[in-house]
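Only one chain is given next, in structure tokens, and it is the form predicted on its own.
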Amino acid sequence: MGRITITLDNILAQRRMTLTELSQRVGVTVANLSILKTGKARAVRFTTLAAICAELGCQPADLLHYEPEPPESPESPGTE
């Protein structure tokens, strides 16, 4: 299984906006946005995602990226 990475920090930098400013604009605590930004969030509400996208003028795909796991390499000969 792969993993989802969050690029909120990149979008904020492009928009020259702080996490605190985004928090005030979307009504989500700085702490919750920080958890999302650092990739430690286990879930995100669609309403929160929609509010962030509306404020930043972006799409969910601009914030969320899927990274597949690298394929497992076959065992080297003689390592049985």
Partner chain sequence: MELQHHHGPDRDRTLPNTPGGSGRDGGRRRAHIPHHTLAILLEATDACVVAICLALPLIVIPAAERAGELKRGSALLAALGMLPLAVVAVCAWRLFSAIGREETFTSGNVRRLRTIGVAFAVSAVVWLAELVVVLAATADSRRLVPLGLAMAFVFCLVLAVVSSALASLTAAATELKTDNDLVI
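Residue numbers count along the first chain shown, from 1. No experiment lies behind these values; they were computed from the predicted model shown.
One more form of this protein, predicted in complex with the partner chain, exists but is not displayed; see below.
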Going by a heavy atom distance of 4.5 Å, is Leu64 a contact of the partner chain in the model of the complex?
yes
The partner chain contact at Cys53 in the model of the complex, heavy atom, 4.5 Å
no
Is it the case in the model of the complex that Ile4, Arg42 and Arg45 each bring at least one heavy atom within 4.5 Å of the partner chain?
yes
Within 9-30, which residues come within 4.5 Å of the partner chain in the model of the complex, counting heavy atoms only?
Val28
